[in-house]
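Take a look at this single chain in structure tokens; it is the form predicted alone.
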């Protein structure tokens, strides 16, 4: 039985694997559902007032479109940072200055220049698996593939990937129960991440490289050079996002395809549908299930009052499966003609790296299905999806 209380605390594994019925229950409960005080980890930012959860497509888009009322600032979520992360936790009007600097780095034309080396990396990870007859997909491909891509781009040593992944997990999936424990734990892990990034900045101050940190050190915003703290705050955000979201998306997509052989066969038989399939699986799976904002004033959503200073969790996964917004919302249709999902968020804070993520996902799915077209889950396995940002750590595949 689905219980709405799991949106704010520990969720049943079946709900984590199949959250869409829980999303529907959330939408039926009202435009803005006040969960009250929340003691558990998960989406809570540490506010003693707990969460207000928003799940309808139009309501989620409304929140994301009004950063003046629903701020993405540092008070929205505690993830070990000591200053607002750039540009995610900078609201307008200052936000646009940083996006003007960062958007060209992740523009489609620039991302396209990375495809050949990204494809070579994917092929190098997958080819040795072909004759093994099976693998643990998360550790063999989903984790090392985007991690290597992003560490190379950021300018951090790939040889330390395991250390960096553990630090990232300490922020995104800390081993805690309460909000207070989360804040304390992530603060300590955050210090280690800042130290890693400062070490890289110091090295690039001595000698520039072909990487993002070197680029940031020479960049300007409105005629002003970025400070050391600016570069740290951009790097901190990149560190977390670049080491997790594509991994989580690959986990969810391969888990879905392994359980739906008819959809998998379509990709194998016609690789040109992979970009459409990715968009539809992003809509259906939505690994980044929710993001948080904090209200800057008393407001309301369709008559539901929300006081100033409340943390508002907007559920992207719920919006993406809203029956009122999507024809046949609960059908996974790789031929869906119009797919304006918000798996990458919306409004001015929409994901900076969405073009890079799409390229990585496409390349990985193309190379995997070219080399390993037939695969499935082992008999009897129950996939374990993580709470918050969905991933599947025990994704065993056989062929």
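Bear in mind the structure is a predicted one, so any value in this text is a computation, not a measurement. Residue numbers count along the first chain shown, from 1.
As for the form predicted in complex with protoporphyrin IX containing FE (HEM), it is not shown, yet the points below apply to it.
Here is the short version: of 208, 265, 99, 173, the single residue with a heavy atom within 4.5 Å of protoporphyrin IX containing FE (HEM) in the predicted complex is 99. The listed set 363, 52, 357, 63 contains one residue whose heavy atoms approach protoporphyrin IX containing FE (HEM) in the predicted complex to within 4.5 Å, identified as 357. Within 4.5 Å of any heavy atom of protoporphyrin IX containing FE (HEM) in the predicted complex lies no heavy atom of residue 370. Protoporphyrin IX containing FE (HEM) is not shown here, but in the predicted complex it comes within 4.5 Å of a heavy atom of residue 106.
Contact annotation for residue 316: at least one heavy atom lies within 4.5 Å of protoporphyrin IX containing FE (HEM) in the predicted complex. Within this chain, residue 26 is remote from the site of protoporphyrin IX containing FE (HEM) in the predicted complex, having no heavy atom within 4.5 Å. The chain is drawn here without protoporphyrin IX containing FE (HEM); in the predicted complex, the stretch among 176-184, 132-140, 245-253, 119-127 whose residues come within 4.5 Å of it by any heavy atom is 245-253. Counting a residue when any of its non-hydrogen atoms is within 4.5 Å of protoporphyrin IX containing FE (HEM) in the predicted complex, the hits in 77-98 run 87, 88, 95.
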